[in-house]
Each structure stands twice: as structure tokens, then as C-alpha cells.
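Taking the form predicted alone, here's one chain by itself in C-alpha cells.
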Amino acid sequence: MRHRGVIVGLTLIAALVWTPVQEAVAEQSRVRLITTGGTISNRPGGRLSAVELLASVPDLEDLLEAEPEEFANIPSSALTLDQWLQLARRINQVFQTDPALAGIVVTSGTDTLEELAYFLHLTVRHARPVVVVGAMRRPGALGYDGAANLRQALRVAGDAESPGRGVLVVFNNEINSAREVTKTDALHLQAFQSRNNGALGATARDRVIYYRRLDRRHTTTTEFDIERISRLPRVEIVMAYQGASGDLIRTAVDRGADGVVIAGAGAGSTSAGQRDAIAYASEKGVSVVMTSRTGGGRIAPQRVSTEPEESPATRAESRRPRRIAGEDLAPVKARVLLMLALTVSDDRDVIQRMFSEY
């Protein structure tokens, strides 16, 4: 009887230990892969489908349950702004109709990946993660990185610590915020980095690790309602350089631009000709955002003095056409935010507030 009691006790303990393991396997995370194309699928002779991309990921069934959906299969530079709107709406729809879905992975070509990721960061209105991923080398090339990047992106999308962090970009085992990440090299595998801010986390062998969170507004706190936007405003980017005439700014204004982003030298410097052209844009009601072409640093809003006696420097600055400060956003991302901001308001102060919050 004594031995029988021991056996029964061990059996009960084994049942208690074994049952959660069985439940964990049964409740494996489910992730949707939505493909748009890019180098990750661009094999010689034809592009990989969403199903084929998933089939290229080793041991996927041991990680999670992945389901494919093909949105497009083209180079990232061929995606239109209308398709951006359609993709954001589709992601919101998937999350709305499938509450059990853990997250979504979106494939993109690397050339414009950071722009698409930031657009989704501002327009997807759900806390569950959207992870944007791609590859620097095409299928069949020596050192093809697509399957490895996709595997890590799927892990991040299915991880319990990923919700609430905004849209993420996963490359080469690093997790970066869509707001901060930029493509820093045309060819190297380690092409996506957050420079001054550093990565949000990493995909280690045993688990997904996060180091920090992003405090700026995004996803669930965004004020941009993609369902009410039928067309994105036209916003052009013009770079500052020695002796620039300002003709490109004037032409953009005359050809119907709703906004212009200036990639200024240093902390936003422009040529004399460009300064005159910026004044022309302001007179025409075109929003002008100042950013830096350097790849780092912050452009602060202009000072507006209320003092009766201003210093000469303050007085000179207050007489300049009031531009919108792009904060620390890269020019291409400032363009994305300005396009969305202009769907809400063309008031300079309102747009400046958005650049300070997002």
C-alpha cells in the first residue's frame, strides 16, 4: 500500500507538470505573414510566393503557427502611396476580425522599407505587433539572409513581450523601432540601424530580449484615421547644398506640392536662394519642414519671443518665415509624418505639435 501511494503521488505530480506543457504546445502563437515583394522574394526566374517564403524557414512548425497572405509581389520602389493606404487598412482589418492573432509580419524591399514601416507605425491602430522584414541578398545568392531574417521576425511577432511597442523592424537579429531605424548601407547585411538611439532589442538563441520602449506616440495613440484618408497629400523633399538656387522648391510649390521637406545642411542650414524660396512657399500656404541631411541630431522649433525687447539674434530669427521643425526625424520620415499631418490640419502650430509628439 505504501508503494502504491508513492506511485499515485508521482503520477499526480507528473500530470501537474505535463499538462501545462501540453497546453503550451496546443496554444502556440499564430502569426500572419503579409508579403509585398522585395529582394527577400526576388529569386532568379520568378518571385517566391508567401507560401514558398514560409517553407524556406527552418523548423517553423516548432516555433509558431504561420499563415500566408500575398498583398503584392513587386520591388518596394514600385509600391504606390495608394497601396500604402490599402496595406494599412488591410492590417487593421485583420487585427479587427481575428482577435486571436498574435501579430503580423510584413515583407518589404529594403530600399524604402523604413518609410513603409514608419507609415504603418502611424496608421495601424492596434497594440499587437507588426514586424517589417526584408533581405539584402536575393534567394539563391551566397549568404541569402531572407530565411534567417524572416524566422526572427516571426518569432518577434509571436512573442508575448512585443505588443505595445509600435511597428518593429527586424534584421540580422536586431529589433529596431520603425520610427528610429534607417538603412545605413547599400549592400551589407547589417544595413538597418537606429544610430544614436540604439536597438530596442535582439533575438537571442533562447528568447526575444527587449532593452527599452519608445515613448513617442504611435499605433493605438495615433490621431491619423486611415479609414478617412482617400489620398495622401503631395510632399516633396529638397536637399540643401552649397549654392542651391531654390528653383526646386519654387517648382515643387508651383506644380502643386502641399508640403516640402528640406534636408538641410548641419542643423538645418540652407542657401540664400533656398531661404527666399522657402519664404515663397510659406506665402503660398505650403508647409515647410526643416530636417538635417547629416543622419543625426535634432532640429528644434524656432523661438517666438514675447518679450518687448528682443536680442538681435532673437529678432532676426523671429522675422524668418516660420518653418516646422522636423525634430530628429530623417527627411524621408518627416515626409511621411507631414503627409499624414496634412490630412488633419494645415495649421503650422498643429503640425509642429505633431512633430513634437510622434
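Numbering starts at 1 and follows the sequence shown. This structure is a prediction, so every number in the text was calculated from the model and none was measured.
Just so it is clear, the following notes concern the form predicted together with glutamic acid (GLU), a form of the same protein that is not shown.
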Let me know the one among 230, 242, 77, 97 whose heavy atoms come within 4.5 Å of glutamic acid (GLU) in the predicted bound form, would you?
77
Candidate from 110, 282, 222, 182 lying within 4.5 Å of glutamic acid (GLU) in the predicted bound form - any heavy atom:
110
Using the partner position in the predicted bound form, report whether residue 42 sits within 4.5 Å of glutamic acid (GLU), counting heavy atoms only.
yes
Contact label in the predicted bound form: residue 293 to glutamic acid (GLU), heavy atom within 4.5 Å
no
Among 69 to 77, 272 to 280, 254 to 262, 161 to 169, mark the stretch whose residues have heavy atoms within 4.5 Å of glutamic acid (GLU) in the predicted bound form.
69 to 77
